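First, one chain by itself: the form predicted alone, in structure tokens.
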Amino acid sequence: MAEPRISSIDGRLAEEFAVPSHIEEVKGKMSAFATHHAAAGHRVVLITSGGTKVPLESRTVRFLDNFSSGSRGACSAEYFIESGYAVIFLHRHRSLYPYTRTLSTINILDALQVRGEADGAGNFGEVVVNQQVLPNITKVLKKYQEVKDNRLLLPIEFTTLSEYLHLLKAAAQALSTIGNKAMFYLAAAVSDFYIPASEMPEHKIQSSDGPLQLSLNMVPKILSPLVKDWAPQAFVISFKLETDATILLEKARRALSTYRHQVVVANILDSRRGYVLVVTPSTQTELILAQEDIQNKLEIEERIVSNLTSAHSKFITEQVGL
């Protein structure tokens, strides 16, 4: 397997983005996870999910954020596991999570009941689940327990942009050891702008100072070193979200040409739950949920994952033939 190479971006990451104190520990966990599952015949997908927080002060009170809840990443993780993959889930703290995502709109206390009377020892009886409030909880719990027992899901949390960038690099280097069995499904909504630590005020910005003017730097394009240097044999999928449908395909093709990865999943903000365009250097495939599909509670992520797992199989076969 190809070893990860040093990239020209490595120095900039170290200088301008704080390195998480636990980075080596997490990298070791990801490496062991990937090696274990590759040896067992599983492919491994690294899913990024949720948005990144960009601090405006060193002692952060204010920050820039985006609307991402992590729905696509959390949902896709379940379908990848059903397809035989092991999943490293690099997700924003408190964003949606595989299996529990369906509970996000429910007050969990409304689903719990206490049966029996308190005894003299201070025990308050048995807590049971009201399955009218959580009608699918047994099915979801059984699936999650099976995933947990087989260690098919490794969750890794991030909050800030700095944490995300360093953890993604560590993940890429960890998965480089399993070559083309690794997939990167980069669904996180990553900020395009940031304030370097050297230019950031230490304390809370005072509103009494008047209107706030910010000068933001462009975040380095992490996709380029990932594809070229950190995990050069992996199968890499990026996401492109636009609000203007007329530029969607052009932007997706430009990304493929620039970064030389395998797939862009392109979507429009208003229709992203029911329509995506899967673009490769030689193809473009529309994935659509009809109204009947939506009524039957089908999810577009199931079709995205089915398309990409087939493409990954083809990619591996082509790599073996080289």
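Treat the numbers as computed from the prediction; the structure is a model and nothing was measured. Sequential numbering from 1, following the sequence displayed.
One more form of this protein should be noted, the form predicted together with another copy of the chain, which is absent from this view; the next part is about it.
A.B. asks: Taking another copy of the chain in the predicted complex as the reference, which of E126, E199, E146, E82 has a non-hydrogen atom within 4.5 Å?
C.D. replies: Partner contact (heavy atom, 4.5 Å) among the options: E126.
A.B. asks: Want to guess which of 211 to 219, 82 to 90, 228 to 236, 172 to 180 is within 4.5 Å of another copy of the chain in the predicted complex, heavy atoms only?
C.D. replies: Result for this chain: 211 to 219.
A.B. asks: Any of the heavy atoms of L249 lying within 4.5 Å of another copy of the chain in the predicted complex?
C.D. replies: Close contact is absent here: in the predicted complex, L249 is far from another copy of the chain, nothing within 4.5 Å, heavy atoms only.
A.B. asks: Would S207 count as touching another copy of the chain in the predicted complex under a 4.5 Å heavy atom rule?
C.D. replies: Contact with another copy of the chain, yes.
A.B. asks: Within 4.5 Å, heavy atoms only: does L223 come near another copy of the chain in the predicted complex?
C.D. replies: Judged by the heavy-atom cut-off of 4.5 Å, L223 is well away from another copy of the chain in the predicted complex.
A.B. asks: Can you work out whether T60 and another copy of the chain are in contact in the predicted complex, taking contact to mean some heavy atom pair no more than 4.5 Å apart?
C.D. replies: Yes, contact at 4.5 Å.
A.B. asks: Under the 4.5 Å heavy atom criterion, name the residues of 61 to 80 that approach another copy of the chain in the predicted complex, in sequence order.
C.D. replies: Residues within 4.5 Å: V61, R62, F63, L64, D65, N66, F67.
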